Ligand SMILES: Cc1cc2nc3c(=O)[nH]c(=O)nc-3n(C[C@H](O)[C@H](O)[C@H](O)COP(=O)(O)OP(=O)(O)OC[C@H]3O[C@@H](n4cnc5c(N)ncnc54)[C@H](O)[C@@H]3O)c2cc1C
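Only one chain comes next, encoded as structure tokens, the form predicted alone.
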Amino acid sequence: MAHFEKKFQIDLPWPVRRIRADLVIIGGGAAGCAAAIFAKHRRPELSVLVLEKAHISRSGCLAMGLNAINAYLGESSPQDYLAYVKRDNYGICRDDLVLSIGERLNRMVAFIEGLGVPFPRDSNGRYCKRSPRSIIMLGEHIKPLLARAVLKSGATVLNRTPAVRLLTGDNGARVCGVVGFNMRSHEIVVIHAGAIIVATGGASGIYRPSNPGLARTKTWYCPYNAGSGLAMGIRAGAEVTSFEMRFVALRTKDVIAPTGTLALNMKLPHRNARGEPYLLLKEQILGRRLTTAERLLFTLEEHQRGAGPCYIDLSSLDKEGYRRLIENYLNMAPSIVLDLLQDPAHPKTRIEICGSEPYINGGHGMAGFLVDTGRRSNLAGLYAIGDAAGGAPKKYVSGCCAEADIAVTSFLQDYSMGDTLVSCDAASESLAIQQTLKPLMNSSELTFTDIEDRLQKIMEEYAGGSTQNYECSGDKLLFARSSLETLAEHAEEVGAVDGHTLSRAHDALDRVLLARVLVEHLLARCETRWPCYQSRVDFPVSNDLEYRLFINSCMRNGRISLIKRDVTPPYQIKEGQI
């Protein structure tokens, strides 16, 4: 167990609790839970601490469950998996990271099944496939089962405890702790750690959500993922990669449920308003399967040529098929079940589809920390996994668990039990506590909602939101940059009155920072590499000669510096800073 020591300071509005741990995992989603389980299983004597701003039993992207594993090899090879990822990602990904995930995917599926998650099997005892790399899972309870395994492992969990700032030592070269706070007990938590694994996921809420008002949290990506781990790392000097490769999901309209359940599980066709199977026709014309980005692109094109709205055709389903569809969705997206059962006497014959708002995401997309094959960042003592680790798209839940396995292995190689923890810089710790509490001290009436509304308007209109067909231009991005710089200055005055609003205030600050980094990356890539994910109307075609590379960035003294890195090993700096 981690050692707790409570210390009160009369000059602060909240008391300070100090903790020492060998390993701190920030984020209790699937990747974070898996990392805690692996670490305690291999070295039970280690003190492992999980920080989660919600509750690990129902937090993160899998809070509602999951009905399929989308990265499973079966009899295919890691090289086959790499070829698929590379083709779908238009030739750019970190081959070494993708291969290291592929080598572990089958084992991670066995790990998930071992937790007690049911996997249907066919008459031959094999997993039921819904595509070459996707198998059916009855995963509504995947997060409670992961949480139970974490607690059984002996790891310490601090729920309702958002992390806010990383602590550094060795003149900023090493991460040695983290500062956060407990929303319920109203305590500042200062943790000194041997190492930190960031598993906080990516970021939603940077662009205007698909639904307005009270339905604004009905998004594809978890609406409470603010990219806090990425923001903490950026502030500490960590290098990040590929932010410009945003992820935009093709989902059912209004309830934003996954379309794979319809198209893959139930084998139902996409059609335009005229009844034409437009995606199938595109595949026949091109003579190949469409990429994920192209399915979204061609759906938008149907709207633009007056053949929208597009939908998935349910008319072929009989009563039993309709029931199976509902069962499939109950394991992942119960909200669409209410829509499907609005009028049981008259089942729906079509479900309209649309694109989501863009997200920063390293699990479906490629945005996240720059890491080596051991998932080490460029800062000693800081590792990243799951949606927070960049360079390896299409990892999904099994790939996130694979990265947890890799990072824990690296940590155990790097960290010697009994080593004296690196001393955190005292000035850094004091400043981190002040920054954590600052919204409580501000007298301004500026709220997190004010900041996020302004942020989303800027990004929606000038940085390629859904109403702009996800398209950007250099001139608009420059306007977005200027507006975000002003917003960032004003956002420092955001106020908070309790633990909940303090958490939301820091989420807003983190989203503004990530938006600034995103805009710099979008400006730097003067081509269109990933349709819809990164579309430049002023540079409408891909340019392998100049931009078959990674766009990375680092922040130093508040300034974002951009770096071009080679797309081939050892991924060295290609042409210096942009």
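The model shown is predicted, which means the values in this text are computed figures rather than measured ones. Residue numbers run from 1 along the displayed sequence.
Just so you know, the form predicted together with the ligand exists too; it's not on screen, but the next bit is about it.
Within 4.5 Å of any heavy atom of the ligand in the predicted bound form lies no heavy atom of residue 102.
Residue contact with the ligand in the predicted bound form: residue 519 places no heavy atom within 4.5 Å of it.
Taking the partner from elsewhere, residue 221 is found to have a heavy atom lying within 4.5 Å of the ligand in the predicted bound form. Of the heavy atoms in residue 26, some are within 4.5 Å of the ligand in the predicted bound form. Relative to the ligand in the predicted bound form, residues 293, 296 and 468 are all farther than 4.5 Å at every heavy atom.
Note on the interface: of 453-461, 310-318, 396-404, 430-438, the segment with non-hydrogen atoms within 4.5 angstroms of the ligand in the predicted bound form is 396-404. Note on the partner interface in the predicted bound form: the residue among 37, 66, 46, 514 having a heavy atom within 4.5 angstroms of the ligand is 66. For the options 381, 258, 355, 139, the one in contact with the ligand in the predicted bound form, meaning a heavy atom within 4.5 Å, is 258. Heavy atoms closer than or equal to 4.5 Å to the ligand in the predicted bound form belong, across 33-64, to the residues 51, 52, 53, 54, 59, 60, 61, 62, ordered by sequence position.
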